[in-house]
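This text opens with one protein chain seen in two forms, each one given by itself as structure tokens under the names structure 1 and structure 2.
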Structure 1
């Protein structure tokens, strides 16, 4: 039997086992689920090693950039945190890493979700590419949601504050609905793809 046929049989078997969970959860499904989680964790560890340790630290060090010794030296105590002497300084290193990570992530979120959206809104007022009826609902939803989270304790007593709250809640409900619809649609697409694989590839091979 060709290697391709073996791969198709394994894929079909695993697909049927996973789909069997729709009728009743069973031990075989849980075993395949554990295998998938373990394989995903192994792949994640491999890519983290290649992308972070090798590409971002080892490669610059081999090129002569000794500045990358700093993150390397800071990461070593985390691997030996079970040693009491080293453990004392580990929380400070972890806290610093989390703080830097949050700062980077928040900067990217602010740039992607706020600045870039405003950059799309503002030019439309001048170029005439969109009408006010197109831009106003989106812009008001963004502003109302931001105001809801940052100034809600100070404005709920006023009528304008209640209006902002209502607009923000409606905007978030619509956004969550779209996100949920996108998630469900992606799952349905995966399900259809597996069914198509079983019918088109596996059954025809048999």
Structure 2
């Protein structure tokens, strides 16, 4: 119970220090910020080591599965940036990793996101179960944005190009606005939770 109380005091103190940045950025706030970043990095480093090196490589190797020597050997050059002779192999290894990743991901994404969406859309189109007013803004936004990014000739603006640009910019601004709105809402929830902690758990006022 005493340990729990110490934890609550530390949490409350750190919360108040972080909130003090609303008034002015100060040295204590910066120290706490560094503490959070350092702690996160240390924790992530520890878990990466345990998850990858220990669980994925060392454990199977110790149980006699020599196939795991291949990923171990392939990972070694990445750590030798200062020794060019060894490091030279790194781009090949990274390229292989990316190639395998894309090969795996592309087919799944095409199946899961493109084909299934089309399969849903095409029958609805035939049976007339959708309204153009619902679909038009979506389609025009997607097409205009795709044209803007992939097919617009560099610095050659035509009238049709301008229309596409406007539709694309409006679509992107709306999308970014929605995303920002959701982000603000999630930060509001975080803020309320911190104040709730200060008032309920720390000060016991509720």
Partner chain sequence: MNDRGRLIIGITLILLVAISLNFSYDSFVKSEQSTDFINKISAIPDGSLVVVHLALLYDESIEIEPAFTTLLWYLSRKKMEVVFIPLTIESGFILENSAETVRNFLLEKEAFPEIVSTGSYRASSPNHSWSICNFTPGSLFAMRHFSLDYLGCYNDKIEQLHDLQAVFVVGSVGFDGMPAPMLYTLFGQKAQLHTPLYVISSAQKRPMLEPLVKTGQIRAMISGNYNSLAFAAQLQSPVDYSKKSVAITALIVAVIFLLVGMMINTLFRKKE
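Numbering follows the first chain given and starts at 1. C-alpha atoms forming the largest set that superposes within 1.5 Å between two forms make up the rigid core. No experiment lies behind these values; they were computed from the predicted model shown.
Between the two isolated copies of the chain, the form predicted on its own corresponds to structure 1.
In the core-superposed comparison between structure 1 and structure 2, the C-alpha atom of residue 67 has shifted by at least 2 angstroms. Once the rigid core is overlaid between structure 1 and structure 2, residue 32 does not reach a Cα shift of 2 Å, moving by less than that. When the rigid core is held fixed, the Cα atom of residue 94 travels 2 angstroms or more between structure 1 and structure 2.
On a core-based overlay, residue 58 has a Cα shift of 4.2 Å between structure 1 and structure 2.
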